[in-house]
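Take a look at this single chain, the form predicted on its own, given in structure tokens.
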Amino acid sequence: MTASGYLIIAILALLFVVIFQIAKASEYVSVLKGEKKTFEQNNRINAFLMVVFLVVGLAAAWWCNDLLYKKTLLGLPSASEHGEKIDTMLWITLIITGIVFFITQILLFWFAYRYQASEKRTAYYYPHNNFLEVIWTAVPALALTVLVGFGLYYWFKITGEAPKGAMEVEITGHQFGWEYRYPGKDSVLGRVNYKLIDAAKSNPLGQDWTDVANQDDLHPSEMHLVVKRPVRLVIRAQDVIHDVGLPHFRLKMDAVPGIPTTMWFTPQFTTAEMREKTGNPNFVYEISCDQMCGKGHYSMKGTIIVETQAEYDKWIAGQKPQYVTANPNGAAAAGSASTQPATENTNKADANQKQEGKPVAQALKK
């Protein structure tokens, strides 16, 4: 909208306030002077303004919807299968509440006009009706129960077991950024310990290097996902409560210190496809923090790139295990360990540890 458009709206709003205040002031003066006729006239003016406000208000609501709809998430297709169900629930909610809104507002302002104060009529005393009270209590309760029931169903679904063959990605929030971790060839994420967190030593996640599964884990700067392939997110936090917000996928989940949370979803469109659908060549899937986590909350933004399996394989092949970065002298050992299945490495390490009572890392060196 242009500056002139905002100026026109501001002027109209100011005129309405001025007219309303003048009418009220005139009404009070009339009452004090005992001018009954003037009071009735002002009352009719107020009743008429009620109808004007109803018509202008509904027209403005429709205009705002037409103007801003494409800028909302509802104007974009859901980027996940779960998100389509969420959108359906949201539309059902909007339709139900929208119908109630229009009926109540039209009746409210029409009654204010139709039944304005007059000596020709008196109010009908109607104190109680059990049937009406049951209706307006039971109907909203039933509607809310159905909506909450569907919400719980989809909630338990995304927080339940991910499909077989799903990717697994760990995302960790801290003030003020996100860290990502992928399992290596063993498809197992290694242990982490908050006491081992040391960004200066290339261990921002607190990975336990004595755990063989950690030696091939990857720590990239952004999240890459494969289109049409389910992904399970393991969500952690290092300091305060954060929240992994995925608006384009219609998902969010709290990141709680000391309590890993999980959710899974299936991306439907690659980043390139969404750029075509939105007509925005700079479109990116965003990760936002949906909890007020501190003064740098606004800057806590991550990026997700959804791509084909071939593109993902090419990207993942170019990543270097974090163990190699943190322990350059042990890179060769990590490489040899990562070529064996995780279960084989773990079983050998456990056997050596039981026999000699030494740490896993020392057993592997032997």
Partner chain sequence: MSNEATVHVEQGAVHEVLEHHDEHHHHETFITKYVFSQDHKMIAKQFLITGTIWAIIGGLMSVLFRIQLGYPDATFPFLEDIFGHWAKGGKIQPEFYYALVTMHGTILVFFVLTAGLSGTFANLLIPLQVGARDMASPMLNMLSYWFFFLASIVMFSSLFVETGPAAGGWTVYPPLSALGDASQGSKIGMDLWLVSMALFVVSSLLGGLNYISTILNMRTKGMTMTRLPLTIWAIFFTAILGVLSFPVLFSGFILLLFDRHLGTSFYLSEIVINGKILPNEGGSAILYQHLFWFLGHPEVYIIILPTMGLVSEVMSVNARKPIFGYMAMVGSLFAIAVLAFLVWAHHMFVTGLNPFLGSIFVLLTLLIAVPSAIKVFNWLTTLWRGNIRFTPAMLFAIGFVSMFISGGLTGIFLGNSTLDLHLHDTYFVIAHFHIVMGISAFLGMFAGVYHWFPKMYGRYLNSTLGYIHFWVTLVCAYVIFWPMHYEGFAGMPRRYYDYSSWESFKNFVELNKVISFAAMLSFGAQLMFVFNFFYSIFHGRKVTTKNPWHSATLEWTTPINPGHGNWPGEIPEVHRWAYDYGKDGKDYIDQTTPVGKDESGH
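Positions refer to the first chain, counted from 1. Computed from a predicted model, the values in this text were never measured in an experiment. Just so we're on the same page, rigid core means the largest C-alpha set that superposes within 1.5 Å between forms.
Beyond the structure shown, there is the form predicted together with its partner chain, which is absent from this document and is the topic of what follows.
Undergrad: From the list L76, L251, M167, A213, which entry has a heavy atom within 4.5 Å of its partner chain in the predicted bound form?
TA: Only one option qualifies, and that one is L251.
Undergrad: Scan L218, V234, A272, M89 and let me know which has any heavy atom within 4.5 Å of its partner chain in the predicted bound form.
TA: If I apply the 4.5 Å criterion carefully, the residue I get is M89.
Undergrad: Do L132 and its partner chain share at least one heavy atom pair within 4.5 Å in the predicted bound form?
TA: Contact check for L132: yes, within 4.5 Å of its partner chain in the predicted bound form.
Undergrad: Using a 4.5 Å heavy atom cut-off, state whether N43 contacts its partner chain in the predicted bound form.
TA: Answer yes; at least one heavy atom of N43 falls within 4.5 Å of its partner chain in the predicted bound form.
Undergrad: Going by a heavy atom distance of 4.5 Å, is G177 a contact of its partner chain in the predicted bound form?
TA: Result no; G177 lies far from its partner chain in the predicted bound form.
Undergrad: Using the partner position in the predicted bound form, report whether H297 sits within 4.5 Å of its partner chain, counting heavy atoms only.
TA: H297 belongs to the contact set for its partner chain.
Undergrad: In the predicted bound form, do I19, F53 and Q116 all put a heavy atom within 4.5 Å of its partner chain?
TA: Per the other structure, all of I19, F53 and Q116 touch its partner chain.
Undergrad: Within 109-129, which residues come within 4.5 Å of its partner chain in the predicted bound form, counting heavy atoms only?
TA: Going through 109-129 in order - heavy atoms within 4.5 Å of its partner chain in the predicted bound form - the hits are F109, F111, A112, Y115, Q116, A117, S118, R121, T122, A123, Y124, Y125, Y126, P127, H128, N129.
Undergrad: Just checking, between this form and the one not shown and with the core aligned, does Y153 shift 2 Å or more at the CA?
TA: Comparing forms between this form and the one not shown, the Y153 CA shifts at least 2 Å.
Undergrad: So with the core overlaid, does the Cα of N129 end up 2 Å or more away between this form and the one not shown?
TA: It does shift by 2 Å or more.
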